[in-house]
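Just the one chain here, the form predicted on its own, laid out as structure tokens.
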């Protein structure tokens, strides 16, 4: 009887497989073919044109620098926020609700919020002028101030994306048995020792998931950069957008998309190797 029903699991996953094939696998294969073909013939021309692009090196550099600057800060802030929430009794839901507000704001809207703060006539300059720190308006988002522009984008990304990391961390902290921390406290372990020796190892699955998700999203950053810096701060997704919409060259845009995918997959594999997770610790 059981053998006659061995096909039921495959039938149950068939809709999911069909959905992935239709809306993910097929477009992915089409994008790869578009990136490595020219006039219907396999060709590296699009990849070569991408690498010859005047903004290619800058976009790769800016994307990696932004990722390296943003992701560790977000993880550190999320760990602090998650640890604080775990120790709160009453009002915990309210605190979580307030801290996750940025999750309900689109990337472009978040960029426009920070644009209103940091533009020449924005709130930040008005505050500094009112306090007498500045004698005239300062330009923070100009190509003439690349360092200020980079930090402005990094701060905006940290504000916008830390909440999702915190949610994952909080979920991981909820899986840590209280008995472990209580036993360590009884044996004289201090707060730092308890966090480093007990909490951190037990939330490895959450850390792994948070780092993979946030790093992949950091490599795909676009809307916040476009709102604050425009073409003054080229990134990989921004260049893909430019080649597709302004230059009307879908092959080079596809080459950028494939490059972003390769970088994201490489980062994911690095995290999977670096942060090993014991399957028995998975919730």
Partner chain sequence: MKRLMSFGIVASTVLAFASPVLAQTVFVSTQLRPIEEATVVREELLQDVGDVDYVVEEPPQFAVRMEAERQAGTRTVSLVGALHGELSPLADRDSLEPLDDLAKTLAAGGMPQSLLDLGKLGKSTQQYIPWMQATYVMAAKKEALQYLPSGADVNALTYDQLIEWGKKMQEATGQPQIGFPAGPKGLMARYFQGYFYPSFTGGVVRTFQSADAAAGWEKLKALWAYVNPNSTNYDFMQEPLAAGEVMVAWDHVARLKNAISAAPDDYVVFPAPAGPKGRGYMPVVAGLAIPKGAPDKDGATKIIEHLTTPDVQLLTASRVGFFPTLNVKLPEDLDPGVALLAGAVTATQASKDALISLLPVGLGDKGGEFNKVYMDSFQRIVLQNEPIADVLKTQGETMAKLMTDTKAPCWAPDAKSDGPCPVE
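Residue numbers count along the first chain shown, from 1. Just so it is clear, the model here is predicted, and its values are computed rather than measured.
Keep in mind that the form predicted in complex with the partner chain is missing from the display, and what follows is about it.
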**Complete:** Checking 124, 151, 196, 143 against the partner chain in the predicted complex, the residue with a non-hydrogen atom inside 4.5 angstroms turns out to be 143
**Item:** Contact of residue 57 with the partner chain in the predicted complex (heavy atom, 4.5 Å)
**Value:** no
**Request:** Examine residue 248 and determine whether its closest non-hydrogen atom to the partner chain in the predicted complex is within 4.5 angstroms.
**Result:** yes
**Message:** Residue-level question: is residue 53 within 4.5 Å of the partner chain in the predicted complex, judged on heavy atoms?
**Reply:** yes
**Message:** Can you work out whether residue 219 and the partner chain are in contact in the predicted complex, taking contact to mean some heavy atom pair no more than 4.5 Å apart?
**Reply:** no
**Prompt:** Looking at 205-213, 97-105, 170-178, 116-124, which one sits within 4.5 Å of the partner chain in the predicted complex if you count heavy atoms only?
**Reply:** 116-124
**Message:** Under the 4.5 Å heavy atom criterion, name the residues of 226-247 that approach the partner chain in the predicted complex, in sequence order.
**Reply:** 226, 228, 229, 230, 231, 232, 241, 243, 245, 246, 247
